[in-house]
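What follows is one chain in structure tokens, specifically the form predicted on its own.
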């Protein structure tokens, strides 16, 4: 009987020290705190142009538009002209979802929507 209690105590100590502890970082526990999406002042030069530069220019810059179906997105005039196509493509609802490598993050999509709804301001 004494041996049974020692075995139970050993297992309990093992579980207490090795199973109950885990480590998480703040970003994993609270993703909204570290990944805040700034939608307060969405403008072309400060918000939209960097999104396009990071995700679209490899196919839709003036130099590479032949790869992107002839759609240029390097100037604000080009983006305003193509904004209905862009909205459909980045929301992955069109026949050609963009970017082809994977969907934009939800913050970028929200910022683009806000920019279009606000009349597509430059500055």
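Positions refer to the first chain, counted from 1. This one's a predicted model, so the numbers in the text were calculated from it and none came from an experiment.
Note that the form predicted in complex with heme C isn't included here; everything after this is about it.
Enquirer: Any chance residue 37 has a heavy atom within 4.5 Å of heme C in the predicted bound form?
Expert: Judged by the heavy-atom cut-off of 4.5 Å, residue 37 is well away from heme C in the predicted bound form.
Enquirer: Is the gap between residue 46 and heme C in the predicted bound form 4.5 Å or less for some heavy atom pair?
Expert: So residue 46 does not count as contacting heme C.
Enquirer: With a 4.5 Å heavy atom cut-off, would you call residue 50 a contact of heme C in the predicted bound form?
Expert: No, residue 50 is distant from the partner.
Enquirer: Determine whether any heavy atom of residue 76 comes within 4.5 Å of a heavy atom of heme C in the predicted bound form, and answer yes or no.
Expert: Residue 76: no, not in contact with heme C in the predicted bound form.
Enquirer: Scan 38 to 64 and write down, in order along the chain, each residue with a heavy atom lying within 4.5 Å of heme C in the predicted bound form.
Expert: Heavy-atom contacts to heme C in the predicted bound form: 52, 55, 56, 58, 59, 60.
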